[in-house]
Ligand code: UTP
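Encoded as structure tokens, the following chain is the form predicted alone, with no partner shown.
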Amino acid sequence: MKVRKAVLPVAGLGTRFLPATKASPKEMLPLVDKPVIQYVVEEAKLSGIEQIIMVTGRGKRAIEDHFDASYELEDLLKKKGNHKMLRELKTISNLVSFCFVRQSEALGLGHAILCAKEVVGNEPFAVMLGDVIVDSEVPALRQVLDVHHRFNAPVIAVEEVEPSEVSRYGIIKPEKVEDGVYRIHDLVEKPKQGEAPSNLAISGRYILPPETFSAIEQAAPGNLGEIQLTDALKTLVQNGPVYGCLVEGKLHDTGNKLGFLQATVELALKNPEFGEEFRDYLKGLRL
């Protein structure tokens, strides 16, 4: 069955970016010339996704407004003759079909995805984390979807990380099937260095079956009452094949300040409009 829908959990409070995110969603922070969330939505569009279900929370109205039509602004641009920007704005609001679902309490990633259950229905779906940006020739979600279509099974995107960094990620226990594809036998959340089953970290893109919702509902809440997606994924692994897809491309974790700054510099350098000028500026810095 074709994967038509993608769930984007964007209800997080963005505390790591305070005070910048006190009144503005972290997903709307500008990354070079467009908000972070737009990169993820464009990746979904290029991967063949038809509907995006955004799981939002309090203070996230700006995300809805960004992907909605802005008739007053479009009319102003038309009168000024700024047809290039007018086309760009119209493209944003016409990328895909959007549905916005509210997560009333921040009870974990698993709970956020569960909020989309009624909209997703009984079909496979994608999950895309809004703070993971992948700079690649083939869209990251498209790569994961290709593995899903070949093996007709759930697929999780993974990336290689340094052994010293495994404690920051969910790590898979893999069995290599072919280059870049692994059968997952277990998932370990933030293991200590030396205890990790591999250096392959879960990296923010998933293709999941509708049975995932039942697995989330059966997952036991953690100490803070949060329901984690990893617990539901463990259930899927126990019940049948789940694969890992080693994504080709440069992954940027924009959910922390350093990762955001690194993504800003690297994407700015690749910008055709001012990349070379920015490179010259960086070379001339005297610190």
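Small disclaimer: the values here were computed from a predicted structure and weren't measured. All residue numbers are counted from 1 along the displayed sequence.
Another form, the form predicted in complex with ligand UTP, is not on view; read the next lines as being about it.
Proximity to ligand UTP in the predicted bound form, defined as a heavy atom within 4.5 Å, singles out one entry of 145, 187, 216, 112, which is 112. Only one segment in the set 23-31, 43-51, 231-239, 244-252 has residues whose heavy atoms sit within 4.5 Å of ligand UTP in the predicted bound form; it is 23-31. In the predicted bound form, at least one heavy atom of residue 130 sits within 4.5 Å of ligand UTP. Interface residue remark: residue 11 is counted as part of the site for ligand UTP in the predicted bound form, having a heavy atom within 4.5 Å.
At the 4.5 Å threshold, heavy atoms of residue 212 stay clear of ligand UTP in the predicted bound form, well away from it.
Although the partner is absent here, residue 108 lies within 4.5 Å of ligand UTP in the predicted bound form, judged by heavy atoms. With contact defined as any non-hydrogen atom lying within 4.5 angstroms of ligand UTP in the predicted bound form, the stretch 261-286 contains no contacting residue.
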